[in-house]
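Listed next as structure tokens is one chain, alone, in the form predicted on its own.
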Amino acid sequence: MVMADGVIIKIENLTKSFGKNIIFNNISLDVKAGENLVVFGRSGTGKSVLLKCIIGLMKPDSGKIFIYDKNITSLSLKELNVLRKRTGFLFQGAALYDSMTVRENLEFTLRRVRGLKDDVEPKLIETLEHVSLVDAIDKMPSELSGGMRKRIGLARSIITDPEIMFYDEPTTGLDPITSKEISELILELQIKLKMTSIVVTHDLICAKIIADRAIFLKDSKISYEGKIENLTDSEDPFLKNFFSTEIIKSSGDINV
């Protein structure tokens, strides 16, 4: 059930630390249905930790995290797994099973998550059509380029028809042209499949293509929040330095 004002994810007073290292200190955030939220921050500021807390892979020290109207911090593992079936996650390295073909990777995910026993071939083809890689269905991951692996990873993430997608550095390691293609594909799928997405990235080109809104994690807080152009055009010295550095990186061979 979507919460008030169309909110689908709500974080209230989240605190998380590792020993004396405080990652988040009492942060709050709302994400609306159908929104693409981009999360910026320097390395080590907790961007990936935030995703892991939201999907229940890490427990916060305190605070609440609601997906729809369910507080995931109080759910049992069984209840959490039911909720996770409505979400998808694209890892940095696509996380494909190297010993399986593309077909087997997708089929394994579909049968494991959805428990389907009938013929899944039509669903495999439909999903690969979304990422324009039907011809790769019987290839091994080792036969695919980095961009193709990322597309297959994305196909595996959306084959279960998620309502919410989490992306952890979706364009890392890709050249600028392939990065742009993946970013445009993420935007296309968000619109076509009506998904809500949270995207952790350093890639400014990617962010400008996909972001409805962006936040910046700094000093254990959400230090900045707003439209992407509000952050990138800010006169704040810290933001100016950060984004000028990212522009230089994005124009190189690899986004880091």
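So that there is no doubt, residue numbering starts at 1 and follows the sequence shown. Quick caveat, the model's predicted, so the values are computed rather than measured.
Keep in mind that the form predicted together with a small molecule is not shown, yet the notes after this line are about it.
Residue in contact with the small molecule in the predicted bound form (any heavy atom within 4.5 Å), chosen from 205, 33, 49, 193: 49. Only one of 42, 59, 221, 227 comes within 4.5 Å of the small molecule in the predicted bound form through a heavy atom, and that residue is 42. Taking the partner from elsewhere, residue 23 is found to have a heavy atom lying within 4.5 Å of the small molecule in the predicted bound form. Of the heavy atoms in residue 92, some are within 4.5 Å of the small molecule in the predicted bound form. Contact annotation: residue 18 falls within 4.5 Å of the small molecule in the predicted bound form, judged by heavy atom distances.
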